[in-house]
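As a starting point, one isolated chain is supplied in structure tokens, in the form predicted alone.
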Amino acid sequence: MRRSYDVIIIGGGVQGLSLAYNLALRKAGKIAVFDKSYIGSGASGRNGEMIRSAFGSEEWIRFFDTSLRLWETLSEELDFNVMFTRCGYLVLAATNDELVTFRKLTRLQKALGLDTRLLSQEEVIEWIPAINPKMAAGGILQPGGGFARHDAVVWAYEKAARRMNVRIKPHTEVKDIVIDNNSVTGVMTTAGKISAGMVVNAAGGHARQIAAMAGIDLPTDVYRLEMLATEPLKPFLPWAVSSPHTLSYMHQTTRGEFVGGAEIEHLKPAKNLRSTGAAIQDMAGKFVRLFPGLGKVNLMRQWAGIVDMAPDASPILGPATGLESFVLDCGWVYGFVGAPAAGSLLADYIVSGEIPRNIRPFHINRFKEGKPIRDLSLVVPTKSTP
């Protein structure tokens, strides 16, 4: 291990690896990635894998469409098959009121250049006969959306970064941030003190803890999100589907497994990765409501991951306020989807010093300035009530 790097990235998930690769691509100097566990051990290997840019706010649409365009050529760029399956993505409306809102969102998406269209109830049922008609009033279809294999994406970015001489150090925990004259100058790790010209906090569910080491209070809470996978089934779900009404999302893999997750209303913060009975009951109930035929299907596995969610469920990207040489890549709930764009745009900022347009709205100052980013199409848990 070197004792000094130009950029140190804390967090060996898809966000940190994407940034490391993009920095190396821009010849940003000596780059290191530290993770206290194995690479991809956090939410990067425990997410829903689904990919879209058909969101409900201009900020989310612009940012995530940048990412979607990168997903389309990511396997070729990284010389590794990330298994991006462009099957289409449906945001399902369960009520006529939701469909009215979705009609407005479709107009916004089209105005920003997205290829989306509003489907009627009849069209949804025609394409997905297995769906419960009472839960399908219509929806927004994005033909260019889909899903990718999360482990493959982690491996692809890791291998590409290593080929470009990025030093990736698993099982190397950052214990403190070194600050001199209001500027970050390095980190204290289990392997000793390492100097750096810049440090990036891409620590996922541990981002708030890392930020606190630098004297920054991230306005985030850690939540445990859970998912399940069934036995392989005959193909019945042609698209990736999310249902904001039931706070659930799902797709069917090429092997036939039904894979999905659902969030519990008023979810309480939690940091452990233990699967729970409450979550499996909630997921099973919602999935059977949506697809009654799943009632007798065997469950193969269940797992959990943690995310560090901001009050508006949007990521926190860019320089830290009042502290030089410390960059935030935090607050991710849709971090897997946004990793290609975040890595590219943050690398542009680190190299040039100029914040790219599509990440400016996600600055940490938005909360103090009263400019939270609200998106009406997200499938995220609401905070626990007192």
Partner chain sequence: MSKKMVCFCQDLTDADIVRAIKEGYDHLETLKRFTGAFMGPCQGKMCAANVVKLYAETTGHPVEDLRIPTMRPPVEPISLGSLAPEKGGDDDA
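Positions refer to the first chain, counted from 1. Owing to the predicted nature of the structure, the values given are computational and were not obtained by experimental measurement.
What comes next is about the form predicted in complex with its partner chain, which is not displayed.
For the candidate set 87, 214, 164, 284, a heavy atom within 4.5 Å of its partner chain in the model of the complex is found for exactly one residue, namely 284. Only one of the listed residues (302, 253, 195, 121) places a non-hydrogen atom within 4.5 angstroms of its partner chain in the model of the complex, and that residue is 302.
Not displayed here, its partner chain is approached by residue 295 to within 4.5 Å at the level of heavy atoms in the model of the complex. Of the heavy atoms in residue 134, some are within 4.5 Å of its partner chain in the model of the complex. Using a 4.5 angstroms threshold between heavy atoms, residue 117 stays clear of its partner chain in the model of the complex. Although the partner is absent here, residue 288 lies within 4.5 Å of its partner chain in the model of the complex, judged by heavy atoms.
Stretch 144 to 152 is the answer when you ask which of 200 to 208, 144 to 152, 175 to 183, 103 to 111 has residues with heavy atoms within 4.5 Å of its partner chain in the model of the complex. Residues from 57 to 85 that approach its partner chain in the model of the complex with a non-hydrogen atom within 4.5 Å are limited to 80.
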